[in-house]
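Okay, here we've got a single chain as structure tokens, the form predicted alone, with questions on binding and movement later.
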């Protein structure tokens, strides 16, 4: 029973982590209709920004976290302004947009590796010694608990933003039909730029929390992106609620899947679930 409780806690942590990646990924996909590979490296940008400001310059931790979140958001916003927006104006296909985002991902990942080296870095010791909370014989650290709480608040906040604000209505209009949204007077490029900023900032939060929990390295973005994209497809790509559901489903399947088999099979379990959904329910748990 205690082992099951630890698996449940681990599943919630994994699901919350994937949720933080999926929220921004689905938000951008819903507005632009292309798979944004660049989204993954933004998590690394958030983590390395906090690492640089706290351990190289010595700036206060909370100030560094705010700068890291805003920095990731600005990088995403600038990528849209100078790359993706230009391609949209030229009526580039989704495949071209995908390749462009992959190229931008590789370039920024290389820049991070050149600046910070490709070695694994830890920012855990920048905060107080990890506190561990016990639930029976199961355990969860305060950073892992913070990941779960942050994912819940981020999800709730994004739902409120999209449902009850004019910005949210504009995003929905663009998601339904960008050309019609232009006709009724919505500045689609401006709204999509804001979407990139918000989605990228949430990815930055994910990278910062992952950095506190397990550490950072320049290549971390690819693994984060694959998990987030898989959760998005399982839940329903472009659907906010679907992304959240897919994230926690994937977290539980992965963690309980390695109960009786080696953990090296975790990736195989993830993509087996993805293939099953693509074959039998390609629209995901929730339709867009």
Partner chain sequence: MAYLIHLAILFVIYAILGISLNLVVGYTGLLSVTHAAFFGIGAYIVAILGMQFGLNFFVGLLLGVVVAGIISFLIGFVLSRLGGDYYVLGTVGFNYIVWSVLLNWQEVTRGPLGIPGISRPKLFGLDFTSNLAFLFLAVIILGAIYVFSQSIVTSSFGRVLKAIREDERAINVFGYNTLYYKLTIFMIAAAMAAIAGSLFASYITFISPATFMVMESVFILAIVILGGFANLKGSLLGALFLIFLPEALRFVGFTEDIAAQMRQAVYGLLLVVLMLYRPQGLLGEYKL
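Fair warning: this is a prediction, and the values are worked out from it, not measured in the lab. Positions refer to the first chain, counted from 1.
Beyond what is shown, the protein has a form predicted together with its partner chain; the following relates to that form.
Within 4.5 Å of its partner chain in the model of the complex, a heavy atom is found for none of 59, 145 and 150. When contacts are judged by a 4.5 Å heavy atom cut-off, residue 100 counts as touching its partner chain in the model of the complex. Residue contact with its partner chain in the model of the complex: residue 78 places no heavy atom within 4.5 Å of it. Using a 4.5 angstroms threshold between heavy atoms, residue 237 counts as touching its partner chain in the model of the complex. A residue is said to contact a partner when one of its heavy atoms sits within 4.5 Å of a partner heavy atom; residue 96 meets this definition for its partner chain in the model of the complex. Segments offered: 199-207, 150-158, 82-90, 69-77. Contacting its partner chain in the model of the complex at heavy atom distances within 4.5 Å is 82-90. Of the residues given (28, 244, 45, 233), 233 alone sits with a heavy atom within 4.5 Å of its partner chain in the model of the complex.
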